Structure formats: C-alpha cells, structure tokens
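So this first bit is one chain, no partners, the form predicted on its own, shown in structure tokens.
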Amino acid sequence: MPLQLWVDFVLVWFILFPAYAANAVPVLVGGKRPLDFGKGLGKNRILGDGKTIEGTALGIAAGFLVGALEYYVMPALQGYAAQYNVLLPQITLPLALAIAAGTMCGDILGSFFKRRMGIERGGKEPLLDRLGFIIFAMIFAYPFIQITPAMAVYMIAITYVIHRAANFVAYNAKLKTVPW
C-alpha cells in the first residue's frame, strides 16, 4: 500500500503541472477581448474583464504543451518504474488537453458564480479562487485516468498551498491586483 501511495503522489504531479500552466498563463498574457463580450446577466457581468479569449486560448495551449512534454518523458519513467514492478498509467495527449480544458472551465465557472454572488473581479472567494480549477481538471481527466481518493486529496492540498504562494508572488510582481 505505501508504494501505491507514492505512485499516486508522483502521478498527481503529472496532472498538476499542465493544470498549473493552464491556470497561470492567462495571468501572464492577459488579453483584450472578454469571453463574455462585455455582456451582463442581471445586474452583473457574465464573467468580467478578467476572463479573455486570448487568456483562455493560451492557457489551454500552455497546459496542453506541458502535458505533451510529459507524454514524451513518460516512457523513461515507465522504464524506471518497471524496475520496481510498478506500472504507471500512460499520460496521453487527449489527457493533456482534457486537463488544460478542465482547468480553464473550472476557472471560468468560478468567475461566473462569483459574479452571481455579487463578488467583483479580484474579489475573494477562497473555494472558487483556489480549488475550482483543479477540481474541474480532475473531472475532465477522469475519463482518461483513474483518480484515486488519495490522489484527489493530494491535488487539493498541494494546490491550496501552491496557489496561495503563487498568487502572493504574482501580486508582489505586480502581475495581479490582489494577493489571492
């Protein structure tokens, strides 16, 4: 059992890296064209200016590229794991795309719900801000790879800590207007 927990922990990073790339790139590149085209729903915007066509497209592309890189490194890891009679699941290109798309969908859906709750762009909502993107990355990845309960716990715990730290760094680097 301890070996399986270790394998799960290693595999978690193969899911997290594309998700983190997809989640970070939109902050770095920004964009000018909002996904909601400036439209409102009720008294609030559908998504707001923070969700752009450019950021979403480049986020998915970045997540996919990181996953594609993992796809090409995986055979070497498979060979290493085989020495210990461990079989790692195969990272595939459709899985990489699913993780990246799931990440962006989770982030966009989080913005949608924040606007419905009357929370403006940059407003704080810890669950949606820190975990929504990774939960959707897991949901989109699930048809391609079995995510165990231990893997889900690892991903949520790791993401909570890393997301908080990354946002603090991005805020201090003037890439974000709020530290969350």
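Note that residue numbering begins at 1 and tracks the sequence as displayed. Model, not experiment: these values are computed from the prediction.
From this point on, the text means the form predicted in complex with cytidine-5'-triphosphate, which you will not see here.
Trainee: Is there a heavy atom of Pro26 no more than 4.5 Å from a heavy atom of cytidine-5'-triphosphate in the predicted complex?
Mentor: Contact check for Pro26: yes, within 4.5 Å of cytidine-5'-triphosphate in the predicted complex.
Trainee: Residue-level question: is Glu70 within 4.5 Å of cytidine-5'-triphosphate in the predicted complex, judged on heavy atoms?
Mentor: It does not: once cytidine-5'-triphosphate is placed as it appears in the predicted complex, Glu70 has no heavy atom within 4.5 Å of it.
Trainee: Under a 4.5 Å heavy atom criterion, is Gly30 part of the interface with cytidine-5'-triphosphate in the predicted complex?
Mentor: Yes, Gly30 sits close enough to cytidine-5'-triphosphate in the predicted complex that at least one of its heavy atoms falls within 4.5 Å.
Trainee: Evaluate Met104 for contact with cytidine-5'-triphosphate in the predicted complex, applying a 4.5 angstroms cut-off between non-hydrogen atoms, and reply yes or no.
Mentor: Flag for Met104 set to yes.
Trainee: To test your reading of this chain, name the stretch in 131-139, 151-159, 36-44, 52-60 whose heavy atoms come within 4.5 Å of cytidine-5'-triphosphate in the predicted complex.
Mentor: Of the options, only 52-60 has residues within 4.5 Å of the partner.
Trainee: Quick one: which residues from 119-139 get a non-hydrogen atom within 4.5 Å of cytidine-5'-triphosphate in the predicted complex?
Mentor: Stretch hits, in order: Glu120, Arg121, Gly122, Gly123, Asp129.
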